[in-house]
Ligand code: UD1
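First comes one chain, alone, set out as structure tokens in the form predicted alone.
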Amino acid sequence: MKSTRGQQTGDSFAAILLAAGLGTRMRSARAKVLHELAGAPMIARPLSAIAASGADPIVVVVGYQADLVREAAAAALPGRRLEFALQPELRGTGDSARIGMTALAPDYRGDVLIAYGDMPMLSPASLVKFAADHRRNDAVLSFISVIVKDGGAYGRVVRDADGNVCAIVEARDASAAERAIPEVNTGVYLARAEFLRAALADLKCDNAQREFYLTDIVAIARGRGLKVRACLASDPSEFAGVNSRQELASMEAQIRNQVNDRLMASGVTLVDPASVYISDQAEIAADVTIGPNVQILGRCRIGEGTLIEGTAYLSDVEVGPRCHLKIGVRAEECRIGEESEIGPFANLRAGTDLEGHNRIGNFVETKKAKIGRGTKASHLSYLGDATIGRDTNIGCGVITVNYDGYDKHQTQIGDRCMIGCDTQLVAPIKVGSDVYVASGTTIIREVNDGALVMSHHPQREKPGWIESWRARHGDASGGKSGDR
């Protein structure tokens, strides 16, 4: 990762995302940046914005639940290399940034962006604009500020009589006059690396919280006669942080409305937008209709003309064109081929792959099942660890018996088979093509192509048995007294 300012290309810059804290106001054992927004951990949104703005390298500072935060960050940018720096003791944002700088090469002299992992509305366009403003004004240190009616816990931007930035004062340390200042710091900075290293090393913890404040680098820069610029943004909501469950719910609603408005503008019908939850990573084609109480999470892709009736849960699912998902469908990490009919109340678990023109009906569960084109399972079946060919019919109550208590085993069924109701296929097992399985069969050996297979037992009958059975139970009523 060797880099110098002279080697910096174009408008690129390094970035440090601060994501080490717990977030005490969340009242949760889970790290704040791991709480979900629009179906993904909160950290995914600012991290994606930073990556899209051209930042490279990107450093994520982790602390509380470090391993989980690392996993969430890596999942947010699959295939993208991230650097991680551990803050073992949470001693404030200044200390967190200092630790983040250690993940950059010692000779890196480019610009460094600093942002927070709990800032989910951050946009790449704003970051690119911010970087351009910073360089155009030849600033050593820049930060984004906004004007708000109530600054709350945000640091106030203190300016001199000429309008130059003097300092940022944290709300908890501000005087009454300073708390009345409407211009606040968003916490997004851009600084030259050589200045940032020196300023972070000079931070003191002589404040009410005994923490190292990142905001103090502004006063340090001013004290050294260096140019500091506050880049005033027009939309404060883009830089809002999430610090409580209430703010999390408010942000969720804001994101959901934005996603839903964008989808409807592109030709998607949402029958009841207020009850639909759709990830902003989802790709939904025109003329898709989505009913009420639907969750579409993760990287779902839904083809044109598909109807999702309602009360459905989809996560990382690919749905082909012109499919019909009836009420109560649950599907995750699977593929549904074109013109398939799913549900009602079907459960497609991870690894399910439907080739297309399939019918998966009520109370059918699939798991790691590859199902060929035109094959259907209409009622009350379990198909797990199975490969099923084309144009096969799976009858009601069919079970692939895939688990022996220790290991999972594979079932193979060929093309154009008729698997009768109440059949158990004890895996590992192979059934050829063009096979007819009679109802009530238990298959324990391989079945060749074109065969009829059955395991019927002779029907036995004991005349008068019911009378003696009732007598043994002291029932003299003849069983006519109703339910007990």
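Since this is a predicted model, take the numbers as computed values, not measurements. Residue indices: 1-based, along the sequence shown.
The same protein has a further form, the form predicted in complex with the named molecule, not shown here; the description that follows concerns it.
4.5 Å heavy atom contact, residue 382 to the named molecule in the predicted bound form: It does not: once the named molecule is placed as it appears in the predicted bound form, residue 382 has no heavy atom within 4.5 Å of it.
Exercise: residue 316 in contact with the named molecule in the predicted bound form, heavy atom 4.5 Å: Taking the distances in the predicted bound form, the answer for residue 316 is no, it never comes within 4.5 Å of the named molecule.
In the predicted bound form, residue 32 touching the named molecule (heavy atom, 4.5 Å): Residue 32: contacts the named molecule in the predicted bound form.
Distance check, residue 168 to the named molecule in the predicted bound form, heavy atom within 4.5 Å: Yes, residue 168 is a contact residue.
Residue stretch of 286 to 294, 197 to 205, 254 to 262, 168 to 176 approaching the named molecule in the predicted bound form, non-hydrogen atom distance within 4.5 Å: After filtering at 4.5 Å, what remains is 168 to 176.
Partner-contacting position among 84, 213, 130, 108 - heavy atom within 4.5 Å of the named molecule in the predicted bound form: If I apply the 4.5 Å criterion carefully, the residue I get is 213.
In the predicted bound form, the residue from 395, 328, 414, 241 that sits within 4.5 Å of the named molecule by heavy atoms: Contact check passes for 241.
Residues of 288 to 309 having any heavy atom within 4.5 Å of the named molecule in the predicted bound form, listed in sequence order: Residues within 4.5 Å: none.
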